[in-house]
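In structure tokens, the next block holds one chain alone, the form predicted on its own.
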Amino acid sequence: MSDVLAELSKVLEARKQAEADSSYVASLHAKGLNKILEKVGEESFETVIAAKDAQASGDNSDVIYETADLWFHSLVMLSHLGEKPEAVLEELARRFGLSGLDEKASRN
């Protein structure tokens, strides 16, 4: 699974330098962080709606599709901010063995 993230990360980094009219990712970077965040918000909403629909229908295909869009746009956001997906994986790994309730309580 991390191979997919690593490959996607390479593609996203390469497209940061591409011409805005040659790549969707490049066009997002050219429009700036606010546009990228708008897409993350839009995809978040679509994922929530798809999950509600999936619960009612028993068909998870749309929620998987929308989650992929959400993850993709989140990775574009991280790339724009100079981060790689590995940073998120490291944070998730750090949380293993830590109670979710304890982790939440430790936040300021």
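The first residue of the sequence shown is number 1, and the count goes up from there. Please read these numbers as outputs of a predicted model, since none were measured by experiment.
Quick note: we don't show the form predicted in complex with a small molecule, though the next part is all about it.
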property: Candidate site I64, K84 and E86: all three near the small molecule in the predicted bound form by heavy atom within 4.5 Å; result: no
property: D53: touches the small molecule in the predicted bound form, heavy atom cutoff 4.5 angstroms; result: no
property: Partner contact for L8 in the predicted bound form: the small molecule, 4.5 angstroms, heavy atom; result: yes
